[in-house]
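Single chain ahead, written as structure tokens, the form predicted on its own.
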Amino acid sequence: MLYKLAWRNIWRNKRRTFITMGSVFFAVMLAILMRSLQEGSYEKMIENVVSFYTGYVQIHKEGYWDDQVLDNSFEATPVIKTATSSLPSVNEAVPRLESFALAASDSTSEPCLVVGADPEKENVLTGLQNKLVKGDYFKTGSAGAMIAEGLSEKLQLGVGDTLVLIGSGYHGVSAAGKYPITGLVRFGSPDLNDRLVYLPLEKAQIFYGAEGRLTSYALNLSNPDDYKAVVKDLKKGLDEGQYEIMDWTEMMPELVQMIESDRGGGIIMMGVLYVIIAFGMFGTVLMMIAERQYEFGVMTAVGMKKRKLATMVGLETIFISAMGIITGAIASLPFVLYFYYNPIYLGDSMAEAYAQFGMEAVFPTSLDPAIFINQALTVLVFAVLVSIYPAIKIMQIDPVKAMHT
């Protein structure tokens, strides 16, 4: 009965109802678009940065991440291959052997990071071949090296020249070798562009005296959103005392901190928007209370309990808010879908600047259902809070005085 009365009451003053609905409608639509665009930009940023080199999940020997030396490498046994191949979300486990060395030419030398990798698998994971700017992409079985463009400029070496590598190998053995440069790659990150050297995995293992050993497996996932489940499953399937399984949030905490900081600013903006809407709803409630004093007095005088009357008025506020929420969410969906499939492009000049850091100058929206749900719940909470005031006023009402106002 109360629900029916509340529903009929909100249409007694259609103008007031539509004004309140309109404010909630535009607030919810704007909030969903803002949050969807913000979260979409984070998802794109994570995709760009993580796929740039690290991957979403890596497997190392226990203790390697804190002390990244070759002595913390592990044998490439079938155990890891078996564990990863049993997970449907893992397309490929990309093997790597990484360590530092001194890269030298006839006239100068520079410290570098040598990455021994499977050329085909590495390209699938990071799109490495797309970063090639000169020469040929390195190949399995080849004796050549592919180096970063910035490092080649420092060493004054080009395609066809010989690169000399000197370092310390597995268990302290001397590592030295000469490799013809087959190609140059350009990285957006200045740090990587000034120090990376790629060798075929087998050649890197021979160079470091670490035949059959790896420092990591970077996992290529079919669905990046499954990275947490993959880590959880691998921890069950592998000996945690022997291996450490890390996702991108553990490997790149600075990126997580940057996103959380920016997200906090967005939440503050959303909070300001919702406070404005709450005051708008509160103003409507005040106007309703003032207009319906006589009605409330009559209803309590004829025997309606104040508690039920307060509940009815609260339901009216919630009904109006719910209609605004539903229509706002429905109206925002086409815009969210459009910008998901047609991301906002910042222009050629911005694209070049973003490309230097390995990122795309596009801002898609996110289709995460939590965005829609969170906005709806937030507005409903405000509606419930706003309905407390009329409930208090109704519980204090004097029927005689109310009918004489």
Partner chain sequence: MSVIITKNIYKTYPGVVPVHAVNGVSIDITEGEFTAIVGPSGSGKTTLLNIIGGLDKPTSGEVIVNNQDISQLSNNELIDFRLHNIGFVFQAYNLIPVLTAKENVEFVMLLQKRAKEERDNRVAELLDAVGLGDRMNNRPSQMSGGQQQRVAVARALAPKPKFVLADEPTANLDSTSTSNLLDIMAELNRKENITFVFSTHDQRVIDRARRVITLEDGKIVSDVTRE
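Residue numbers count along the first chain shown, from 1. Rigid core: the largest C-alpha set superposing within 1.5 Å between the two forms. What you see is a predicted model; the values in this text were computed from it and never measured.
What follows is about the form predicted together with its partner chain, which we do not show.
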item	value
Interface residue in the model of the complex among 305, 81, 139, 134, criterion: non-hydrogen atom within 4.5 angstroms of its partner chain	305
Proximity of residue 9 to its partner chain in the model of the complex, heavy atoms at 4.5 Å	yes
Touches its partner chain in the model of the complex: residue 294 (any heavy atom, 4.5 Å)	yes
Heavy atom of residue 301 within 4.5 Å of its partner chain in the model of the complex	yes
Listed range touching its partner chain, judged in the model of the complex by heavy atoms within 4.5 Å, from 99-107, 84-92, 305-313, 219-227	305-313
In the model of the complex: members of 363-400 within 4.5 Å of its partner chain, any heavy atom	398, 399, 400
Residue 316 C-alpha shift between this form and the one not shown of 2 Å or more, rigid core reference	yes
Large Cα move at residue 291 between this form and the one not shown, threshold 2 Å, rigid core	yes
